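Next up: just one chain, as structure tokens, the form predicted on its own.
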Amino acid sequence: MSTQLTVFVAVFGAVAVMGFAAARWRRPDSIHTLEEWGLGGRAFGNWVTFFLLSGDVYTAYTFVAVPTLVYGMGAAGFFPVPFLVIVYPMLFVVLARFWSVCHVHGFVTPAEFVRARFGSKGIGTAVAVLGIVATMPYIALQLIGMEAVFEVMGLPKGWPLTLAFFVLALYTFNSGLRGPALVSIVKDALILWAVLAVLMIVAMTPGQWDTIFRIAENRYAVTPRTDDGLLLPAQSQLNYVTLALGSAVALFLYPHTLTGVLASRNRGTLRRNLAVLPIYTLTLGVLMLVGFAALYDGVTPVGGNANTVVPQWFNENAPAWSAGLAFAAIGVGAMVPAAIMSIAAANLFTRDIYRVYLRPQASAREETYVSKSVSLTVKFGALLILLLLNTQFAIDLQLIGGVVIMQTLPAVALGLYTNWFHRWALGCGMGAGLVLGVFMLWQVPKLGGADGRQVIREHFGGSAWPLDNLGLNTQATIYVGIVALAVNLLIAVAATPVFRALDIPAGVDLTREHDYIADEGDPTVRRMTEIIDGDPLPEEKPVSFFTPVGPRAQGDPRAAPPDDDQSRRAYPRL
């Protein structure tokens, strides 16, 4: 057994043990509720929230797909840096409101919030389905990163990935969100080591970064492609800007991001971490430069698989034990987000499909069992995507999923600020954006060859839609998600007055304005007595998230206050 494989197996084994042990980490009396299994008791403090959110945002996508794109395209692969610069101010403002309203009403998923905000089971179900569909390729992206590591280590295809996948599935089933939360601490330590290894390796390179950039520039200059280069070509600028903006919008709409948010203890904990997390983007920038370093060192993808560029660079340039740690960083960096994503997708199915349509009276234990089972199914679905779709640039999978999840923005993100939209208008806009987005994705060919213009696959080749489809004489492209979202918003805005003029009933909003600013200590916010880290709360009577408290004590625990002249709210059955 090689040194790299020995180190990888040792780290992976330790992480697996931690994942299973997390089930006993400050274990509550019962873990058989979605609040405990799926959200860690909604009580993660500053440190755990930081590691959990970083595990959510910075994934195997960081290690594999982005440096691979930089290796092949150059500057065009740097779009995650501006999108992460854009996204954190958005998250800081929006997600605190989402945390508050979900804690007041006991919501576990964004689809539950949408159903209550607009009084529509249909819109809530649509948000749930789109969330699940968009998450599947994102999980597959994590598995692709792990598969690339196995290929570089010389392992056969098939059983190693299946075994790693099986371990991931089991500890997620057993420990819920506590598993990836605990493992994410190890993941961050490994990422830090990988970044330091990159800096040390480059520091020992003659000429250091100056030489690396010059070699990369010369390499792009002699390729027959016109869309690569150390600087962004004019034809790529529109797609670069729209892709960065669209990716920023999509990130905070993904179910796994929102799951990590709901697990934090209070608004202050959430905002402090959102203010600090941009520091992590510095590590992303360093790892992206590995694409240029691989060009300097003449790294050749293993077996023609471009996704192996990063692990192969570590394999050729780092000591064997250090390369093994880098491989473990990629592997664990895939396990953490894949676990969170599968939990988020399972919660969507359980709360917004199973409980709404199949078993409205399902007990908390039954909900948890269903969610655990669905989390396994979701992982197997992602594995199926990996086996059926033979893609070299794994980033295409995530970008296509981004087009899908972006169509929930009017209902989820804008819904946090206004209930002006008519529920039917939201449905029409969402449907139109989705149909247009899928049609445009179908029109995008997969290009390759030496000049980047050879058609390898005619359809679903990415998310950069060629503007020459409009008859324009240009090689410029635009991100499909932005166009689809623009049509979605236009129809939702235009159709709302029409439906109101036709006297078509709008849904009843079950939330109040105060619900969006409530924080820990507010009588409307129900909190758990089990605290995962930090100082414990004062001793108090345990309160379930489905126990009536405060002004709701006489009615349904998730209902808005009784109808009155100020709120003019009612609680019809959802």
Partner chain sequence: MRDRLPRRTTLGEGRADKSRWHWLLLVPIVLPLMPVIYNRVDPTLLGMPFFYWCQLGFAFLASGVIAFVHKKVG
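What you see is a predicted model, and the numbers here were worked out from it, not measured in a lab. Positions refer to the first chain, counted from 1.
Omitted from view is the form predicted in complex with its partner chain, to which the following refers.
Stretch-level contact check against its partner chain in the predicted complex with heavy atoms at 4.5 Å: of 147-155, 267-275, 437-445, 339-347, the positive one is 267-275. In the predicted complex, its partner chain lies within 4.5 Å of some heavy atom of residue 509. When contacts are judged by a 4.5 Å heavy atom cut-off, residue 193 does not count as touching its partner chain in the predicted complex. By the criterion of a heavy atom within 4.5 Å, residue 365 is excluded from the residues contacting its partner chain in the predicted complex.
Although the partner is absent here, residue 121 is not a contact residue: none of its heavy atoms lies within 4.5 angstroms of its partner chain in the predicted complex. Taken together, the three residues 241, 418 and 505 all lie with some non-hydrogen atom within 4.5 angstroms of its partner chain in the predicted complex. Checked against its partner chain in the predicted complex, the residues 187, 117, 256, 351 give one hit for a heavy atom within 4.5 Å, which is 117. Checking 170, 230, 494, 320 against its partner chain in the predicted complex, a heavy atom within 4.5 Å turns up for just one residue: 230. Using a 4.5 Å cut-off on any heavy atom, the residues of 58-93 that reach its partner chain in the predicted complex are, in sequence order, 74, 75, 78, 81, 82, 85, 86, 88, 89, 90, 92, 93.
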